[in-house]
Every structure is written in C-alpha cells, then in structure tokens.
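Let's start with one chain on its own, the form predicted alone, as structure tokens.
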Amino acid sequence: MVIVQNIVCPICGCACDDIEATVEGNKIVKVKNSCSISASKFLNFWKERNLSSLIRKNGELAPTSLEEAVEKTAEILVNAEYPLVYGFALSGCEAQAVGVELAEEIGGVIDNQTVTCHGPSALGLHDVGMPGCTLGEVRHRADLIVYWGSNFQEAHPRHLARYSALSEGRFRKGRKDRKVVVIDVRKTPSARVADLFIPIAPGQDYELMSALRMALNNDEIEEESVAGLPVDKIEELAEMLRSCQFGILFYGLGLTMSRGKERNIDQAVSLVCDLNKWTKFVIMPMRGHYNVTGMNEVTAWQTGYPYAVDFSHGYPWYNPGETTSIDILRRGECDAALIVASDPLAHFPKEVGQNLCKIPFAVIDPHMSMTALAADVVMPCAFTGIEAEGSAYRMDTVPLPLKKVIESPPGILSDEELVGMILKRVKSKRRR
C-alpha cells in the first residue's frame, strides 16, 4: 500500500492541490480531502474504459493498431484544406503546446472549450482588462465575496471551503469575518449558504451592473426597479460593495453565456474598476475544466491569442465569431478535425454537431464518448493527473504540477505522446 499526497485534482478550475490517494496494486482504493465529484473520478475513472485503438471500416468502428490509427489521423489532417484541432481543456499544458504546433503545421484552426464557456471573458479582457489576484489573496484578505451567475456549490464544491468564505486565512479567520452575496436568476444551493441572495430577472445582468455603477457615482436612477430589483435595494448593495475592505466578484456562465455575453464582462470589470475608487476590489472567472485556463495561457504564449486561432493564412489570425470552431462548423467550412479530451457532440448546437459528423475526424479520449462513437479514428489515452504527469493552470492562472499516481494500462500512452506521434507523421507526409 502506498499513500500519495499533495495531488492536484484534475476536475474543475479550483485544481485543489491537497488530495491524498491510497494505492494498492496499481489501483486507487481511497481518496481524502476530495469533493464528491473528485472522489468519483479517482475511484471510478477506469470503469467502462476504451483500451483499444479503433478505425471505421465499412461503417463500423473496428479494433486496429496504434500505428494504423496514427497513420489514418495524419492522412485525414494532411489531406484537409481547412482542418480543426479542438479540445485539450482536460489535458496537461505539455499536450496543449504540441496541439498548437500541430495546428500550425497543418494550416488549420486550434480552438478549445473556452468557446462554449468563458470566451466572453477573454473578449472582455481584451477590451477593459481584468483586475485580478490569486485565490490565496482571497483566502487571506477578502471580507466580501460576491458570486454572480455561478452555482459554486454544485460546479466547484470545495471553492467556498478552500479559497473563499469558509477558509481560514492570515487576516480573515473564517466565515464570521466574511460576507457572501449570491446574485442569480434562481435560488440555487449556493444561494442558500449566502448572507444575501439577490434574485434578478433573466438576461438583465448588464442593466443591474449599470444601475450599481450609477448608484456608486450618486447618479439618479429614474426607474423604480432595475432587473426586478427596487432602486433602494440596488443602492444598499452598492453601499455594501463600496464599504468592504477587500472584495471579489466571482462570476460564472450566468454572465458569459446569457444575453450580453462579453458586454456583461466589460460592464462587470468596469464596475470593479469603479469600486477601486473607494476600496480594494478584484474580479475572477469561475473556470470549469481543470486546465481550460492552461489552454488559454499556452495558446496565448505560442500565438498571441487565447483561443480560436486560425493558421490558414500562414500566421496566427484571431477573430471570434469567424475563427471559432462552432462558427466554422456551422458554416460547413471545416473539412477534417482532431478532437482531444473533449466531447463536442454532447455540447455543441445540433446543427454544428451534424456538420461535424459529415467530415472525417479523429478522437483522442480515455472513454468512448458520444463524439468518439461518431469518429473515423479513436485513440485511447492515459488520464492526465492520474496516469500521466503534466502541469495545469488554476482558475487564477497559477500553474501547478500534475502527478502520476498509478501506471496506465499496457500500451496506453498520454495524449501528449499521441499528439506528438501524429505531428511527427504529419511532418513526414508533408515533406514528401
């Protein structure tokens, strides 16, 4: 029996780094310090797993060798005029870097799950910046914590206890030293643990933030209510925000994927900037996949842009709405794809998913997802953070090391190795 400590959790953007696993016979039998979602992955990841490379023959997926799967994938990508490389939010930064290189080599598009979650956060960052901090600073200093459009109790179960209101910091000793405000369209489980829950009308986040900015600047709000909230309540909330010593606004998909999109983020950042005239206030997106932040960082290192990067001109080109994977597939422009550590058919709009199924594409994934079942080539890979080492970026852009806890099954390589093999084969074909 071996006990592995200080494991970084490969689940959500919290990337908790205090997980402890008990290993017996190359199997994880016990997990400590984890949430229920994390424990389920560590204890059950090996179930219903695909351990064989597959290739579609006569309309059916049939077992094949890894070499043939790599060869077929390289052939699909090299023969395409406008290929897409998509995913990597559940991969380590090392695999992500190889993926960007592959997209550049084939003159295609590299995109990731940001397109379906926090793409507007990236656009808002371009427009007005992002006054942020680390989660450690929140833990030690924040006395007012606002969650806007984020059901953290179900999406990020340990966020409150590890980094937020229930954490014990140097200057804030716990729940009694902090106030929690939840702003959402419905009373979620997160709202039930807040000191103040503010229900707002759906799709009117921008209007409420505008009203809060007006209240902060002592401008008259002529309406009796905004976003379903009476003006006197808006003024009380503005005063609460202004009178704290260190405040943070955590926001989720309730802002990024509702009406307004990146304009919501522009306004949220502008609200935080206004608050900094009176106090210290910061803002942070509640990222979902454990390394989607890392994919944005890695893509930005190598191309200058965080997602939706088009190499078809021979240089990086970035124009969300034009170069984003969903838009490319919706218009029917993409003619091949490589999907890594993602299941777009389960998340993309129906029309987009149908167009993906019309083109040849390969999938690298440990499980047989909905997307893998429709693919032309399937290659199983090791679970990064459990069976393979790597690195990941927490939601506050702090990099953390991912540990190898157990050995992967015989013949199962990491996604970094698989994408590297495809890249090597692509280069070989292109130089003939």
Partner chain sequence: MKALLLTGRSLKQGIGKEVGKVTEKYKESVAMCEIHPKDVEELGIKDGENVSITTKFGSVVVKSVSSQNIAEPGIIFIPYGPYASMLVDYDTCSTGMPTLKGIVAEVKPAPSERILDVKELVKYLGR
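Residue numbers count along the first chain shown, from 1. Note that the coordinates shown come from a computational prediction; the quantities given were computed from them, not determined experimentally.
Heads up, the form predicted in complex with its partner chain isn't pictured, but that's what we're talking about next.
Though the partner is left out of this view, C244 does not reach within 4.5 Å of its partner chain in the predicted bound form, counting heavy atoms only.
Using a 4.5 angstroms threshold between heavy atoms, D310 stays clear of its partner chain in the predicted bound form.
Among heavy atoms of G174, none comes within 4.5 Å of its partner chain in the predicted bound form. Proximity of A211 to its partner chain in the predicted bound form falls outside the 4.5 Å heavy atom cutoff. Contact annotation: of the candidates H347, K280, H126, R162, the single residue with a non-hydrogen atom within 4.5 angstroms of its partner chain in the predicted bound form is H347. A heavy atom within 4.5 Å of its partner chain in the predicted bound form is found for exactly one of E168, E81, E154, E223: E154. Contact here is defined as any heavy atom lying within 4.5 Å of its partner chain in the predicted bound form, and by that definition each of S40, K187 and H289 is a contact residue. Residues with any non-hydrogen atom within 4.5 angstroms of its partner chain in the predicted bound form fall in just one of 234-242, 94-102, 133-141, 117-125: 117-125. Interface residues of 27-66, taken as those with a heavy atom within 4.5 Å of its partner chain in the predicted bound form (partner not displayed): S36, I37, S40, K41, N44, F45, K47, E48, R56, in sequence order.
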